[in-house]
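Just one chain follows, in the form predicted alone, and it is written as structure tokens.
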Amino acid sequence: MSTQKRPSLVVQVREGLLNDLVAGGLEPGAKLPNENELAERFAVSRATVREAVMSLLEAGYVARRHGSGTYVTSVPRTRHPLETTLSYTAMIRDAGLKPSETVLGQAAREPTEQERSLLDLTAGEQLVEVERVRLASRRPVIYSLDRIPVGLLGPFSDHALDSSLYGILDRVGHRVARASARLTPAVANARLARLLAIKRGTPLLHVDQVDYDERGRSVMLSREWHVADAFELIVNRRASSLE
């Protein structure tokens, strides 16, 4: 795994402004301070402030009014039904944001007993673990640890897995058809706070998931931590018999 780096100045400024939004210091309709004021507040250059504000513009948190300034808008939250197995790359794109990711590490290793059981691996079979941060218009929104059996990856086994893992599994004949996921609340520890550019203790949604292909074989295990205010994930429920 790669050594973790200190968040860039742009990320620090963006996170500071997002904290203002969450805490109510900047409410919808409020005018953002100008570049000089923000540069002085965060002790950075105007160029750094400009890039941070641009990322907020792209994400829809603020909007520019010609000749007037930059104003806070309502925080956009796109709803996604959890009963549908989905690609987060597609989810971010469907929200009108630009998906990207940073691969923090990729390595083949021996599975744990639990992983061996869940993926139905035989003795000697290895898996590839991919550690990533997914971004929506440059804002970190999901930290994930994905594990795939090496034997399933075919020609991709020696490649950098820096694109959609669902897409790669599809290309090697293991299209993901369904998933079983367990959702639990979590809070950001120091490491997650650094990776997701949030404050320590920020609420997160933890997802522990097993993906299955069209033949019912388990093909990927995922552990994910979602920034809670990035997307609205919903569950559609049906009434059961009252008898």
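All figures in this text were calculated on a predicted structure; none of them were measured in a lab. The term rigid core refers to the maximal set of C-alpha atoms that superpose within 1.5 Å between the two forms. Just count from 1 along the sequence shown to find any residue number.
Quick note: we don't show the form predicted in complex with the DNA, though the next part is all about it.
Comparing 198-206, 184-192, 170-178, 32-40 against the DNA in the predicted bound form, the single stretch with non-hydrogen atoms within 4.5 angstroms of it is 32-40. Looking at T48, you'd find a heavy atom of it within 4.5 angstroms of the DNA in the predicted bound form.
Of the heavy atoms in R217, none are within 4.5 Å of the DNA in the predicted bound form. In the predicted bound form, the DNA sits within 4.5 Å of a heavy atom belonging to V10.
In the predicted bound form, the DNA lies within 4.5 Å of some heavy atom of V44. When two forms of a protein are overlaid on their rigid core, residues whose CA moves 2 Å or more are considered shifted, and L205 is not one of them between the shown form and the other one.
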